[in-house]
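Next up: a single chain in structure tokens, the form predicted alone.
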């Protein structure tokens, strides 16, 4: 009888799993997301591809697992999957912290810093001088450069290159404009809810052109502006995206990020949508200050990485000896929808090289039969990818309970009447470290067909949900118990499911 209802196939992992390096095998240590070996991290910084390597810089405290002594940590990868953490790239010095910024490849040696034909890497960062006595804090824009592929860095003796004598003036995103033949900087005026644009011929001398804002959401400080051009799916057209972080003022409380779609001519950004429209990059609570890579080959889709956390509780997370981590890399595009042009995010396809088949349930199988199969061969770890399609039938609500064990679980579901996707982590395990952590969030998701299709990445302490083929993304931290391996689909009436569960191998294996 069971074989007539569904086709379920199992695959046993071939070979013994590799041994995970001890410093990357704590209970909540993510296995295919980047986190530092130890100490505090927040925003990604200066993402750049140069000479065959992806560089991930990040806000880092070299001296502890709490925010402070901000410097640029550094990790390098050749495949966007496996990361080699290097020594601190740009350290705090003379009381000036190294805040968020970007890195460019100066292939034309416009700065005069480069000593090799292929050019050099130049970091543009915010220098933060804390307040002292009656003196307020000061934030300025500064340069550092490297002629050895990012291994060592020299701060420009002429720093700062941009100083408005302001306490809040930070997070420069710099890129080269092919249209004007100049460098462009987008930098935040947090309290004014503005992004200010500058141009420069040499990265040293900057001229103010225009300001954008206030528009969209203005509930908190504007931070971490990001400007990039994306193709429209199925078209030769492109648009520009201006992304802006808010803290507080995020959609789900605390920190969050919005984006604007429009046109950019190298000097001015014009929003294609009404100024009051609010578009959110992520509907979860835990994706902030996401940045794209500069310098990618033209044949590669744009890629973005964010900080997987929220300032409401970042300092209280129950992880040791590190605190903070990054999202999995996401490939980006734009899609024309009935509501307008919207940002699309998909897991970087390289993840398929880390996946190993565990279970397939196809052909719209009966939910009970699929759940029985999942119980018969439970996952042994908390790092996996789950892709599924639930045919709703007459169900008003349907979804999946995952990371389940003795009453604790994370719930991902769909409310048909409200037309909303939701994630509920109120019973996900360890939640008491902050009153802001237990939460149920939702995202608008009108379905064009009578089925819910989701792609979910789970990695020990995180859940990333991609819905409607990447149009809706939700990122949430979770801290389940050690035995919470259960996966169970549900529908409050009839429903059928097709599902794929694949374990994801650790990027921290000892070779």
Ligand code: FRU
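Residue numbers count along the first chain shown, from 1. Bear in mind that the values here come from a model prediction, so they are computed numbers and not experimental data.
One more form of this protein, predicted in complex with beta-D-fructofuranose (FRU), exists but is not displayed; see below.
Participant: Answer yes if any heavy atom of residue 176 is within 4.5 Å of a heavy atom of beta-D-fructofuranose (FRU) in the predicted bound form; otherwise answer no.
Facilitator: So residue 176 does not count as contacting beta-D-fructofuranose (FRU).
Participant: Using heavy atoms and a 4.5 Å limit, would one call residue 223 a contact residue for beta-D-fructofuranose (FRU) in the predicted bound form?
Facilitator: It does: once beta-D-fructofuranose (FRU) is placed as it appears in the predicted bound form, residue 223 has a heavy atom within 4.5 Å of it.
Participant: Should residue 374 be counted as a contact of beta-D-fructofuranose (FRU) in the predicted bound form, where contact means heavy atoms within 4.5 Å?
Facilitator: Answer no; every heavy atom of residue 374 is more than 4.5 Å from beta-D-fructofuranose (FRU) in the predicted bound form.
Participant: Can any non-hydrogen atom of residue 47 be found within 4.5 angstroms of beta-D-fructofuranose (FRU) in the predicted bound form?
Facilitator: No, residue 47 stays farther than 4.5 Å from beta-D-fructofuranose (FRU) in the predicted bound form.
Participant: Please name which of the stretches 287 to 295, 428 to 436, 203 to 211, 346 to 354 has residues with heavy atoms lying within 4.5 Å of beta-D-fructofuranose (FRU) in the predicted bound form.
Facilitator: The contacting stretch is 287 to 295.
Participant: Of the options 35, 462, 42, 473, which one has a non-hydrogen atom that comes within 4.5 Å of beta-D-fructofuranose (FRU) in the predicted bound form?
Facilitator: Result of the distance check: 42.
Participant: Consider the chain as shown here, without its partner, and state which of 70, 456, 477, 443 has a heavy atom within 4.5 Å of beta-D-fructofuranose (FRU) in the predicted bound form.
Facilitator: Comparing distances to beta-D-fructofuranose (FRU) in the predicted bound form, the residue within 4.5 Å is 70.
Participant: Between 168 to 189 and beta-D-fructofuranose (FRU) in the predicted bound form, list the residues on our side with a heavy atom within 4.5 Å.
Facilitator: Those in contact are 170, 171.
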